[in-house]
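A single chain comes next, written as structure tokens; it is the form predicted on its own.
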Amino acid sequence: MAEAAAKPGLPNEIDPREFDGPNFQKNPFDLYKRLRDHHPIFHDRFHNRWAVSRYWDVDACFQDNQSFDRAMYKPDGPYKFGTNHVFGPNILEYGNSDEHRRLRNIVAGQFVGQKLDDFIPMIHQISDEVIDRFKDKKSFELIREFSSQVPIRVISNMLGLPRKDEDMFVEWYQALIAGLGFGGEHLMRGIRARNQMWEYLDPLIAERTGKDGEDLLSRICNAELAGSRMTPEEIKGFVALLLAAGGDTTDKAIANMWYHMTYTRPDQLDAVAKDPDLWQNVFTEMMRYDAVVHMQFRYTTREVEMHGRVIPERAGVILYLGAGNRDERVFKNPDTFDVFREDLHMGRENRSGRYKDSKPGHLGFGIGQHFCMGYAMARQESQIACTHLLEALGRPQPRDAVHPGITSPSIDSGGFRAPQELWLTR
């Protein structure tokens, strides 16, 4: 569908068909600014939803679980959770319910602290192994050869799966991600990959349940909360979610970081080369400036009044993280990518969104009850992988003088914002 322009004489009006146009897919930030400035609570009648775009409004919605829920269905209703999702039963479908809290609390501790630190040597090892495959090439395509390889191989090894099966897990991951889109063919391939992966996991889950093991699959099979464990179906749904949430987002985070370092701010790559600890700042500023995930969806549980508008009960609401992260009311010169930014919390994130340095953080991991469980893993993995690549290859240069940039995927195939390709030369 072609991009719909604002009507003459009404420069601040928004045609909701703009959200479907190629310009929004490529560069949503102009429309984000119009939303923030003129329609901070926008009623999109075409798609039957509401849009929230200012930083502190998005923050407030995240914090208010009494008014905003992630679940489409009631946990005690007739819907059988997982039946219509490419991942099967997974934690995201349960919204703010007790079941969501139960599942989250069982597994959340596996991705922080010492349990995360146990996997750090593996990230170093796999990053080097993947780099060894192309390090002698004059030029290489970073996404296909590096960023899409490291996260899934790390997850496969974290789960304690045989090294020989890594390539198979990469294929399943790619099919699952495409299945998140609206294309029927992609969905069918995604469900087929899910079923193949489940058949593969069934005997492993049975074998590891009740036995001590340091791999992540064993830990999940045996993790308990008040005597409750995940069922085999819930474990398989969580593994599928882990491939997408932990794999695709980290894959694209690495790609976005390198895009910005080679095309947006190559001058700042010089500083990063001298001080690899600055990859932490690159990651944080990427998550603010043009993060992998630009929106999250919620449903109102009651009428909510904001900016003189009343959002009705059971309305669909899009929280535009990508718009909030560019809010001029919060960040100075928000359209400039700057790893030395002084008005952004550059350290580790937390679910409260409140920091001792009193600086606002990015919105990319969400806030509150649904704060990303894998936030620490994504940050560590992205920084380690980028550090190894820079050390191994010196200072790679972009192969092409002009690059089409970061974009959202087509509507029929799933995934998140990232460059489609990123060719680099040594």
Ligand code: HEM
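Please read all numbers here as calculations on a predicted model, not as lab measurements. When you see a residue number, it is the position in the sequence shown, counting from 1.
There is another form of the same protein, the form predicted together with this ligand; it is not shown, and what comes next is about it.
Proximity to this ligand in the predicted bound form holds for none of G82, P232 and K236, with the criterion being a heavy atom within 4.5 Å. Interface membership of T249, defined by any non-hydrogen atom within 4.5 Å of this ligand in the predicted bound form, is confirmed.
Contact annotation: G366 falls within 4.5 Å of this ligand in the predicted bound form, judged by heavy atom distances.
Although the partner is absent here, C386 lies well away from this ligand in the predicted bound form, with no heavy atom inside 4.5 Å.
For K33, no non-hydrogen atom is located within 4.5 Å of this ligand in the predicted bound form, even though that partner is not displayed. Of the candidates A193, I91, I318, I220, I91 is the one whose heavy atoms come within 4.5 Å of this ligand in the predicted bound form; the others do not. For the candidate set Y259, Y173, F87, F283, a heavy atom within 4.5 Å of this ligand in the predicted bound form is found for exactly one residue, namely F283. Judged by heavy atoms within 4.5 Å of this ligand in the predicted bound form, the contact stretch among the candidates 222-230, 200-208, 122-130, 296-304 is 296-304. Taking this ligand as it sits in the predicted bound form, the stretch 118-157 never comes within 4.5 angstroms of it through any non-hydrogen atom.
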